[in-house]
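What follows is a single chain, given as structure tokens, in the form predicted alone.
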């Protein structure tokens, strides 16, 4: 992390108050409706009138159009999450820092996907988010890796090294990225849950409850991806430990049929939270739609925990998710407009509560 850990006790009141102010500045549905009707240049100018002003102005002489929007979004995201680390003390810092390692996982998967699809390294670099532990210099070298095998070797001395080396054999045999991406996710979530599950501390218990829901949703998403990929892979081999909803053996059985998986989730404790996601999956048979609905359900769940436990880690993590959603939505709109998609097609790409 670029922000060093501070000593002292957790300062939940201070950090949640700052987070509440930041949430109030996030784009709402009306902002998205306006952006959908704009071209990339107009979107950049609209952002200039918001809290993205400093990033757009700083980058405006080097980039334009979608490139300017992409760079401004990623720089703004990193700034906001580094602010969280600057504000937080003690155990709260540790919780936030662990959670923000998700951007290391994001960056690894982005690089691997870029190499797999033979994408231009500059285009891959535009999608990186510098909010995790990996520094910019390392990520710039990683983007230049000539092959996935080279990238895996470069990650050998990181927390992801052993898992990726093992998963590379499955990737090499199947030609699909699922083993590598799952190895990254499993390493990330195992690191999150390490040493925090056995505790009487209510703040830590809330942190664990939030992560358990995220892991459950991730397992459901992965099971469906494997089922739809057609690859000869057992979902149990890619099960992420730490959730509450599935056992590995159940996931393997349930993923063979979407109907069985949907019924299982409907009958679980998440049935109400995921009702819209499951309806979308059944109605449109769309994995992308289901994944967007899962993201919306996790946002709603995090907001629910934030309202019930306002002076806890929950509002902070809910803010991280909400800020990510804003950036993802603006990016989807800009790319959709550049690609000439219709307003309805772009709206289908957004996660809106």
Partner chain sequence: MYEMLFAFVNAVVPLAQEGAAAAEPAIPASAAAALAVGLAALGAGYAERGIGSAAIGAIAEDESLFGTGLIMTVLPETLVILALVVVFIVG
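Numbering follows the first chain given and starts at 1. What you see is a predicted model, and the numbers here were worked out from it, not measured in a lab.
Separately, the form predicted together with the partner chain exists; it is not shown, and the next lines address it.
S.K.: Suppose contact means a heavy atom within 4.5 Å; in the predicted complex, does that hold for all of 186, 189 and 193 with the partner chain?
M.R.: Per the other structure, none of 186, 189 and 193 touch the partner chain.
S.K.: Residue-level question: is residue 87 within 4.5 Å of the partner chain in the predicted complex, judged on heavy atoms?
M.R.: Yes, residue 87 is a contact residue.
S.K.: Is there any non-hydrogen atom of residue 335 lying within 4.5 Å of the partner chain in the predicted complex?
M.R.: Result no; residue 335 lies far from the partner chain in the predicted complex.
S.K.: Report yes if any heavy atom of residue 17 sits within 4.5 Å of a heavy atom of the partner chain in the predicted complex; otherwise report no.
M.R.: Residue 17 belongs to the contact set for the partner chain.
S.K.: Although the partner isn't part of this model, could you tell me whether residue 21 comes within 4.5 Å of the partner chain in the predicted complex, counting any heavy atom of the residue?
M.R.: Yes, residue 21 lies within 4.5 Å of the partner chain in the predicted complex.
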